[in-house]
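Structure 1 and structure 2 below are the same protein chain in two forms, each given by itself as structure tokens.
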Structure 1
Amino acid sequence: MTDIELSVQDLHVTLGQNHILKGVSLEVNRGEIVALLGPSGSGKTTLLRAIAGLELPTQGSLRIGEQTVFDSAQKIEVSVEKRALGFVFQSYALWPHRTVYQNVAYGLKLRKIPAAEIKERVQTVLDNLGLGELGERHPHQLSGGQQQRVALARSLVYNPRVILLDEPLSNLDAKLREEARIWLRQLIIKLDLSAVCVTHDQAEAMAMADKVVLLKDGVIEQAGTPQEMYGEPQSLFVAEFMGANNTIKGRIAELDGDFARIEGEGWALRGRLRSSLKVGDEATAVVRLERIKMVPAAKENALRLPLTASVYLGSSWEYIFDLAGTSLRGYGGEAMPPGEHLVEIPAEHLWLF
């Protein structure tokens, strides 16, 4: 027996003249949550729909557990309802005229499951999701969070091997989203499910997922743990997509092993090479906002910069400095007076692409 619950190999999807997916391969292990991230048009929702059987790939293969559900070479295509999958849509897609119980039971009735078994399975899944007392209510009588749980219950009642989630938290307000992503992760782990979740929210992806897959133009740009994606980006695109960043344009002036000096008008900084660069090359330096530090005395990689604005965020202050016409942003714990300040950009956290 394998621990791989979902295997996607060299998947291509073409819609009309558009080549949406261009050879995507990924594996999801039992009990693992994988988040699909990427800008609009990158192919993440198309990949989710292809796994579900709602889009027909033009090439590649898909396996769920031991069952091959699509293989272009062997002409295998298993219908949506025969794939061991649960699907939670962004809109929840609940029947407004049916009660919570009827919404969750409907698919089992279509599959001709005996009535006694339906009753037991529906009540078990509603109890698991904290909806046990709400079976007779209609969707309009529920909060957004409760509607989300009903949509989840409807998917879980089939005992799927893999659950697919399309922007599952996007209809919730900000505070409820933060609570729901933790609750959803705990639930998936408790039920020993595997999950693939499409989201445009990187904080949501990092909070929920064991593995993040970042798509760009129909191919995987990078995949890894949230820590790897945030802390060890392999390209400028990944570095800029993940997190809140400063980007500084300059020219490589000197190489020193894994480090280099980048220079611009009136400034020079030492940073860590993340691409193959040589002296004289134009380069982009990237540093996360939280890595910027205020220091009391001059030191390496500390620049004296004018403070152009301070913004109060509640838990912290955001400072905006001017670096030769480029805004440099950082965080701190207190209000800062106008004027010039010494700002340190640690060399190990300044990535050069």
Structure 2
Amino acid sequence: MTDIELSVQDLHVTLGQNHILKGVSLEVNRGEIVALLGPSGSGKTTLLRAIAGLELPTQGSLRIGEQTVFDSAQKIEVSVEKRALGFVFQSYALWPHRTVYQNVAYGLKLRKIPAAEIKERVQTVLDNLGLGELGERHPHQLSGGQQQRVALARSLVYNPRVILLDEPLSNLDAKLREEARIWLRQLIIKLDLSAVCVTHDQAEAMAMADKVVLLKDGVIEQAGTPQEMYGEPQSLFVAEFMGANNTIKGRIAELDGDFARIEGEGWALRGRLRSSLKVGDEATAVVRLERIKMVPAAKENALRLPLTASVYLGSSWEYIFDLAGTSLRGYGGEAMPPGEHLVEIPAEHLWLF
């Protein structure tokens, strides 16, 4: 017995003339929710479709549970319908000529389940997802949120062990989305499923997933827990993708173990080295917005900067300072008068790439 429900090894996919996935490896444990994150065109949908069997990889292997469903070396290819996965399409792809009930029941009918049992199981899953009353409606008579839940019900009803979701929340409005991601996570945990969920919203990925996989141009840039991805990015790309940042360009002036000094026009800061840099290299310093602090007295890594604007956000204020021509943003609790202020950028949280 292994705990790995889904294993992807060195997967390559070519669509038309384009090499889209260039060797992706990924493992999903039982009960784990993995978020696939990446900019548009990075190959997230392609990866999901290749796992489902909707695209034919040119190389690599795929295992679901104990079964190898694709292996280019052994020439194994299990057809889509025999992979027994759940798949929720971004557009939901509900069949317009079937009622909600018929949409959901279809997977069970195909599995030759007795009619009475179908009825019971469909009703249970519809009730679970708050759709109990809507069985007789057609998809076009449903709201976006209801359609999304029907799509989910349809792919859950036959108890797949792995469910694949392609931007399941992207058609919902912002408020509904924040509720739905919590709800979806709890549902997946309750049903003890493994899930791969595509999203291009990093906040959504971190809220929903146990593991985040960041794709860039068809390769995995970094994978890890949300805390690792946010707190320990291994490249500038990951750092910039995972949060709201200030980035400052400068030159490395001095190395000091794990730390280094970076200098620019009229400023110098200490930061933590996150890639191999030498003295004299051009470097980029990155710091999360929420790490910027106002301090009353001068200390290490505190700069006196002019405040160019402050913006009221409701729960907090956002300040914008000017640092040698680039803007430096930070949050604070109250309005600040215009003029110069002392701003601390903790060396621990200033990453140098």
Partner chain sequence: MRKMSPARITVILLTAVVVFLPIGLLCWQSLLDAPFFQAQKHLGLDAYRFIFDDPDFKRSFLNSLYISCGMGLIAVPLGGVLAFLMVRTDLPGRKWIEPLLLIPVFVSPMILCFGYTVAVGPVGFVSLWTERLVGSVPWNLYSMTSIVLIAGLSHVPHVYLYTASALRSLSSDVEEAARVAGAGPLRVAATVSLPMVMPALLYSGVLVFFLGFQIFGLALVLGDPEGHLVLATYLYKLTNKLGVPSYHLMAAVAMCIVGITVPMVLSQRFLLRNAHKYITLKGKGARQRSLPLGGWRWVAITLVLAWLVLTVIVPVSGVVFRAFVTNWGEGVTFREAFTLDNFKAVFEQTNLMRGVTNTVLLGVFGGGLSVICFAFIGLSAHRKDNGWTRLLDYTVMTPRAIPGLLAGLAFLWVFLFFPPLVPFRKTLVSLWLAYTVVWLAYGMRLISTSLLQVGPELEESARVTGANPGQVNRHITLPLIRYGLLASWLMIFMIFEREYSTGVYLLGPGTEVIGSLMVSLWGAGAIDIISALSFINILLVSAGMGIALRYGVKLHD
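The term rigid core refers to the maximal set of C-alpha atoms that superpose within 1.5 Å between the two forms. Predicted, not measured: the structure shown is a model, and the values here were computed from it. Residues are numbered by position in structure 1's sequence, first residue being 1.
Visitor: Looking at both copies of this chain, which one is the form predicted on its own?
Guide: The form predicted on its own is shown as structure 1.
Visitor: Relative to the superposed rigid core, does G107 relocate between the two structures - that is, does its Cα move 2 Å or more?
Guide: Superposed on the core, G107 moves its C-alpha 2 Å or more between the two structures.
Visitor: Indicate whether H97 shows a C-alpha shift of 2 Å or more between the two structures, with the rigid core used for the fit.
Guide: Yes.
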